[in-house]
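Listed next as structure tokens: two forms of one protein chain, kept apart as structure 1 and structure 2.
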Structure 1
Amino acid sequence: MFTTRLIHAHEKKVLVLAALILFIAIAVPASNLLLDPGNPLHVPSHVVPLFGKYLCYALLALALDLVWGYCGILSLGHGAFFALGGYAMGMYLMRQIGARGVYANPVLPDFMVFLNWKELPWYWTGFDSFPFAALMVLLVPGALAFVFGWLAFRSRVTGVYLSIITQAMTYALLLAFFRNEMGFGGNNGLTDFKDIIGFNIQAPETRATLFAITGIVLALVLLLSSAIVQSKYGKVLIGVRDAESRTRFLGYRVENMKLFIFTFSAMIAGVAGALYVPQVGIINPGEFAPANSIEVVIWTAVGGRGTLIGPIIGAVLVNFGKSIFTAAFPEFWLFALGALFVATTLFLPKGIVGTIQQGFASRRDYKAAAEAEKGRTVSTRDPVDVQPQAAE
């Protein structure tokens, strides 16, 4: 009974992808820790955080798909929510360094000692506690999205204008975090992390665990997102995307519906940033760059927006290609990325997954039409007249 309800609550392809992600979340760490380096199935230790980064990007793309693919809000500022979640985790990791820093100050991070800060800023208070930092990972991006969305949606800002102001918000945060007096490390950001919850952040076991946690979180968020879009709220949300004025005329509070999904999406992006930082080992203002948010849009478009599984596939494929392409032709990567987006727009407007789904739907419609035509042909065939023979 529970399995039947679960299948009805989610699309089967979503369940398959979630199961595949969970399998990868277990298989990759197991391969790294349990198999000998000479084994062909062994995953090297330096590859584990790279794959973990791909999963973080997939989680970020999934967050964007909720607002763009299902609500029609093209946000060019999701990189800001990602970076804020990363900074919240980075602040916790910096507090864990303590006296092991270059200047051996038990309270102040090295960059504050270098800049002659005398005491820890008030907004760093509490970040020596992991639960507090985890709470801030959700609350800071969520609060910013709530305030921003409340002002924008109440003013009925839509379309390209909303996209522009989300990008302006990201750029403003970029400039703010670059300043040394903000207390976030300036241009260098936060780095040189030592521990996370008491475990050495560089140890293979810790990296494998972080990868597994990232995969599990991605699978859970995918299932939760699927439950949302398959619910009555999700159906109305699609109505907002396709016909906002008509949906408002039917009595729905469109602003509230947009505000909820925008805030929820920002919190997911913050979680993605928090998982990204300990695996990459650094967070700096470059994560706020508008180009990063545009890249997220490209991942989502390539995979197929409005499909949930498409953005995950697009994020992994594009970033895997980026890793290979930038190693061989680093100076041409941005041109290749732009060409990919143009080609997707011209030849795959629904993305990889959307195009495949459209092909299967067309095939089903063709078969259904053929069966219906066959049935009409049989039913309208002239009956055979049988004349009784006259009795002799």
Structure 2
Amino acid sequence: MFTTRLIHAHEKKVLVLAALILFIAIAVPASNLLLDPGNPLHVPSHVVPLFGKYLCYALLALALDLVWGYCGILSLGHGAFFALGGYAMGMYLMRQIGARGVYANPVLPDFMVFLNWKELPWYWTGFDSFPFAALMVLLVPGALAFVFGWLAFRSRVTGVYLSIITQAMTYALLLAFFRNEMGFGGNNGLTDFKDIIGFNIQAPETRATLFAITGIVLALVLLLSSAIVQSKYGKVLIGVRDAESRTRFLGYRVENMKLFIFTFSAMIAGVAGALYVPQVGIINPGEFAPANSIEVVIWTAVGGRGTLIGPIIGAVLVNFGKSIFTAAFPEFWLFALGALFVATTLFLPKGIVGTIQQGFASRRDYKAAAEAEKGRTVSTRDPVDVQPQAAE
């Protein structure tokens, strides 16, 4: 039943975007591998991991939007789940290096060797197996989100208080992962990977495949998310976002509602991180930096929160811009990026997608109003907050 809804109940836009992503997921790698470099349609090799990175960010932004846009939980710590997923993958990749490290130690990664570690810490066990690592990619962020959410939602921590403790969480993890004693390579993190399930991680084919997988995962998660937000559960989430206590008085267990989406979202973020690491080639504690999590919020806001398409567009656009600007105007790109953020808030108050949607909606309304005017019946869909001075 759920699967049928997966196909039927989506908004058309979402289906179109999912199809587009799938197309890109296939077309980009195909063009990179099959077309020769002279061909105008050829996608150069360095672009593949770059766009792969954007897709991972899009997945992360989508995950954040599920909790923020739809449930009103402004998580300033989603980067933590992303990073944990990334570390789980990174640990697997580290173990794959085997005796090819500089010290040729078949068990210990190099950074442990030169800091005199004698044996692999217990929490590294199992990471030589891909299925285990893949499971951990979901379980570690999921479990952290579950425990964190269980505590916080049960205690009814909401609003900025929740935001700030999620920030505290990622900040604490940042400091912890910086510590060399943690056994995750300190600030250098995990890097210099060799291969993934037996394939050379630097081979164009592997890159192309990773890209395709990322695209497919993004499309699937988009459809899944769409099914979720279209369901009655999705409506309850919006209810929680707008009037939490009212939802409670209707008999919904708000804490469970939040916990489910928070955990789900954390797992998606973990998957995004896991896909990210082999494509960029490094995972280090910098990913836990509070600023990174804030940036995710910003991509989402730029694209349009509370829409499924918005975060994807926002993440890709902002990061694409960042890639271009940092090379084109290395000294001034922060002005451009900063101005983009300010301008978005001022001129596109609901983000890119949100504003476009609203534009369509109000065109429809004005048409309907004009119709109604002829028939003299007040029957229009009233946009809610268009007054110049909305009260809070």
Partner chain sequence: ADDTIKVGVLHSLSGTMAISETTLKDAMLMLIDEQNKKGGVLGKKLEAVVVDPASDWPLFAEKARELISVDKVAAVFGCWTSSSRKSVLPVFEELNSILFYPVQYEGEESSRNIFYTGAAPNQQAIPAVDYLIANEGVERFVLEGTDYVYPRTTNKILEAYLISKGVAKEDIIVNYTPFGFSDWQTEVAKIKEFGSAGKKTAVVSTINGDANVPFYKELGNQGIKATDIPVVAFSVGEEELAGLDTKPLVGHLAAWNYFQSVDAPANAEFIKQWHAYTKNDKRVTNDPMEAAYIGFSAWVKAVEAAGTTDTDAVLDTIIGTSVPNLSGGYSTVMPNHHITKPVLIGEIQADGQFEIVQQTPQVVGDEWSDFLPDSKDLISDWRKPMSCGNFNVATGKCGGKGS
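No experiment lies behind these values; they were computed from the predicted model shown. Between two forms, the rigid core is the largest collection of C-alphas that superpose within 1.5 Å. Numbering runs along the sequence of structure 1, starting at 1.
K.L.:
1 or 2: which is the form predicted alone?
P.N.:
That would be structure 1.
K.L.:
How about F347 - superposed on the rigid core, does its CA move between structure 1 and structure 2 by 2 Å or more?
P.N.:
After core superposition, the displacement of the F347 C-alpha between structure 1 and structure 2 reaches the 2 Å mark, so yes.
K.L.:
If we fit on the core, is the Cα of L35 displaced 2 Å or more between structure 1 and structure 2?
P.N.:
No, shifts by less than 2 Å.
K.L.:
So, does F360 move by 2 Å or more at the CA between structure 1 and structure 2, with the core held fixed?
P.N.:
It does not reach a 2 Å shift.
K.L.:
So, with the core fitted, how far does F335 move at its Cα between structure 1 and structure 2, in angstrom?
P.N.:
That residue's C-alpha is offset by 4.4 Å.
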